[in-house]
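As structure tokens, one chain now follows by itself in the form predicted alone.
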Amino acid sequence: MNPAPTNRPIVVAANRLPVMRTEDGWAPSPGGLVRALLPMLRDSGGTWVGWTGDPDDNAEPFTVEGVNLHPVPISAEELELYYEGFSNDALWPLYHDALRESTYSGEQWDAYMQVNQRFAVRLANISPPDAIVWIHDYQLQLVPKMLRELRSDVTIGFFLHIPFPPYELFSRLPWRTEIVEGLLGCDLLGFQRPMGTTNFITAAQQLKHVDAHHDVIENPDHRTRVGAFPISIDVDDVEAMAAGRATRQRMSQIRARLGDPEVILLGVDRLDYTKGIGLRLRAFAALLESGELDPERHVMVQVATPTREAVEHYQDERHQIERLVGEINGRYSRIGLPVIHYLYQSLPFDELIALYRAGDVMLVTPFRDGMNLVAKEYAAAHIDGDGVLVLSEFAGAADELTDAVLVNPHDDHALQRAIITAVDMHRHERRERMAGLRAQIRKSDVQGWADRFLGEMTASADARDGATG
């Protein structure tokens, strides 16, 4: 593990703490972001501020694996208004191409402001002098400005894990100016793709009439540097798990349980309307109908991880997907051998790695995605050098994973052609493309991503100290 690229105190803030309750107490949550940042915080004596995941939980500060954790309480009513409401029923659809209509509610906005203020006050109270404070994601976009007003000595960074929309969409938001002002409180503002950088600068110029040169926005009292920092995965961790004996055995069991088909097509997504699961299933069904795919030779596995089950859009999406799976299986399956194997559940990471290795063709076809780490995990897991990735050009990963079969998922004919291209691809081309994918993800893993962001924040802090010293 590389040391953190700064000797300044580091404080991370996110909607959720990086831990979950277990029978034995608190344990680190799964996920690449936690795996990257927890060791760094442990090595630097850092702190993480966030919600425990339980409403009306007034937990006291505690320590896990040497990292100080400071819970921020969120009530059941705030969970409904701030999280399920404003964050996920207003911002989420708007930031993902307005694929669903957003709900704009003054009551939800008030709750969003209140929770953001609570985070800012907690950060102001616990951050050491001259600390680096790294805030994460769309639930906390007001915190940078609020924190700057309380603590002018800290260096503030913010990373948005989801897309930032073009101004034509963003301008629909009644509180668009407040969001931009909140993010302009940063010293460093990071996005997944250069497009996010461009979109934000345009919004800031339109709404705040700021000057921007070379991705630096001039504020009255500080500068906000804006840039693209594409997130990645823990490549070594995925490869080590993929190479394990247990994974190889499980991969063989999966293929046998599926009837030893020639080709396994695989989808692994949160059950979210941005992921294009329904369109992917319809493309698969159309190819079965045309005879270009054969249910005796080609099967599909679709893992849909439950998420935001209290939000109506997600309930509707689940019902549509499950109805579609039933229709396709009813028409094309054989007794005991469904043509689509559908799992609406969260799978352990080791089971996902075995599925990645078993999958001959990985279908990652979101309508819009900040990055999509599944695409990178699939390539990292294929230590055999085989397998084909079909990837939406509207996923952030498409900027880097150019050896995938790139496709516009809005074009049903193009998606069908991409699937057939992947299924019929010659072994030599498959291996050549996979080698390119694996070389790309090894260039920058999640630790490199974190080091780069913190290095930029340290440079900003040092430059400010030099200017005021």
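Throughout, we count residues from 1 along the sequence that is shown. This one's a predicted model, so the numbers in the text were calculated from it and none came from an experiment.
Although it is not shown, the form predicted together with adenosine-5'-diphosphate-glucose is what the next lines describe.
Taking A243, A98, L347, V210 one by one, only a single residue has any non-hydrogen atom within 4.5 Å of adenosine-5'-diphosphate-glucose in the predicted complex, and it is L347. For the options Q192, T224, T155, T365, the residue carrying a heavy atom within 4.5 angstroms of adenosine-5'-diphosphate-glucose in the predicted complex is Q192.
Heavy atoms within 4.5 Å of adenosine-5'-diphosphate-glucose in the predicted complex belong, among the stretches 155-163, 382-390, 333-341, 73-81, to residues of 155-163. When contacts are defined as a non-hydrogen atom within 4.5 Å, all of W92, V303 and Y356 contact adenosine-5'-diphosphate-glucose in the predicted complex. The shortest heavy atom separation between D269 and adenosine-5'-diphosphate-glucose in the predicted complex is within 4.5 Å.
Proximity of Q108 to adenosine-5'-diphosphate-glucose in the predicted complex falls outside the 4.5 Å heavy atom cutoff. Though the partner is left out of this view, D187 does not reach within 4.5 Å of adenosine-5'-diphosphate-glucose in the predicted complex, counting heavy atoms only. In the predicted complex, at least one heavy atom of G370 sits within 4.5 Å of a heavy atom of adenosine-5'-diphosphate-glucose.
Scanning 274-298 for heavy atoms within 4.5 Å of adenosine-5'-diphosphate-glucose in the predicted complex gives just one residue, K275.
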